[in-house]
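Below you will find one chain, with nothing else, as structure tokens; this is the form predicted alone, and questions on how it binds or moves follow later.
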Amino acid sequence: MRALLRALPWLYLALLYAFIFLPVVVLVLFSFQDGRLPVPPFQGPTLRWYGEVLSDSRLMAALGNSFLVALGSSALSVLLGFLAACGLARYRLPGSALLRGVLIAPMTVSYLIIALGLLSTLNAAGLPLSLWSVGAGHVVINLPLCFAIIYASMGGHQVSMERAARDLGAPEWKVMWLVTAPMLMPALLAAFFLSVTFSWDEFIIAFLLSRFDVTLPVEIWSLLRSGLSPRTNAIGSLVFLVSVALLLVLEATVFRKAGRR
């Protein structure tokens, strides 16, 4: 009985990891399927589908568009969220509680509603649909997240250092750039990478606000309309491997240095 009780936590942990990673294992396994459908029985292995994906100009263009939109919208979201957090946390503004609520409100709204509202606004303004409109939509959904993370990290222990910098004659922009931002660097990095993740996976806004230049989720959706194929497994496997490699590089460089500090 004691041995069983000791084994239960490990069994639960094994089942939990299997539940999380089994779909990924199946995805990667059938990306090497030497057949037309990614279904059992497994036939292969072959690198045919990876070659087709890497030689597909539309897929590579969609991949580049996803990187561009994710990095650009995330950087702008972090910048705007940082400025808004500094203003609402360090200064007494009329209606500051209402302003915080308005900034966080998009987190409670469905992406479909946000996309439809942006689509109506762009059509009324006569603006064309493009990657710029997709990036604007991703800023709308990522800005509240960035603001919430950064605002929660702005404690009172930083006020004295900011006040000391002002007493030494530093202008406000130098205080924010050289004092406040470095102290909030872990929160800024967390907000940025979470925004990149959400922007990378987002489909509804990218689908409704793009026309000819599409992101990778929209391109994958168009491929799935023609049926299952090991090509989609190969695309997912490449994205997964790139994400893991990026996470390992960040863990070995940025996050480890931040932890030492």
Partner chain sequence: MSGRIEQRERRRAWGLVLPALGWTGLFFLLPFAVMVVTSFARREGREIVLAWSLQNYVDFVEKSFLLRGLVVSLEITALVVVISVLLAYPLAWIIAERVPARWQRTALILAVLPFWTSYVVRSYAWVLLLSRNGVVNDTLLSLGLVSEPLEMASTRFATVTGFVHFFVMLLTLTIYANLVQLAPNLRRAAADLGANGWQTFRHVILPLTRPGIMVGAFLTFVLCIGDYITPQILGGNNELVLPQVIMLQLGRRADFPMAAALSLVLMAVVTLVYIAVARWMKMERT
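Positions refer to the first chain, counted from 1. Since the model is a prediction, treat every value here as computed from it, not as a measurement.
The discussion below concerns the form predicted together with the partner chain, not included here.
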Partner-contacting position among Ala164, Leu80, Leu189, Ala152 - heavy atom within 4.5 Å of the partner chain in the predicted bound form: Leu80
Among the candidates Met60, Leu68, Leu47, Leu224, the residue which, in the predicted bound form, approaches the partner chain to within 4.5 Å (heavy atoms): Leu224
Thr197: touches the partner chain in the predicted bound form, heavy atom cutoff 4.5 angstroms: yes
Proximity of Pro94 to the partner chain in the predicted bound form, heavy atoms at 4.5 Å: yes
Touches the partner chain in the predicted bound form: Leu143 (any heavy atom, 4.5 Å): yes
4.5 angstroms heavy atom contact with the partner chain in the predicted bound form for Ala105: yes
Residues Pro128, Asp213 and Val249 all lining the partner chain in the predicted bound form, heavy atom within 4.5 Å: no
Stretch 95-126: residues contacting the partner chain in the predicted bound form, 4.5 Å heavy atom cut-off: Leu99, Val102, Leu103, Ala105, Pro106, Val109, Leu112, Ile113, Ile114, Leu116, Gly117, Leu118, Leu119, Ser120, Thr121, Asn123
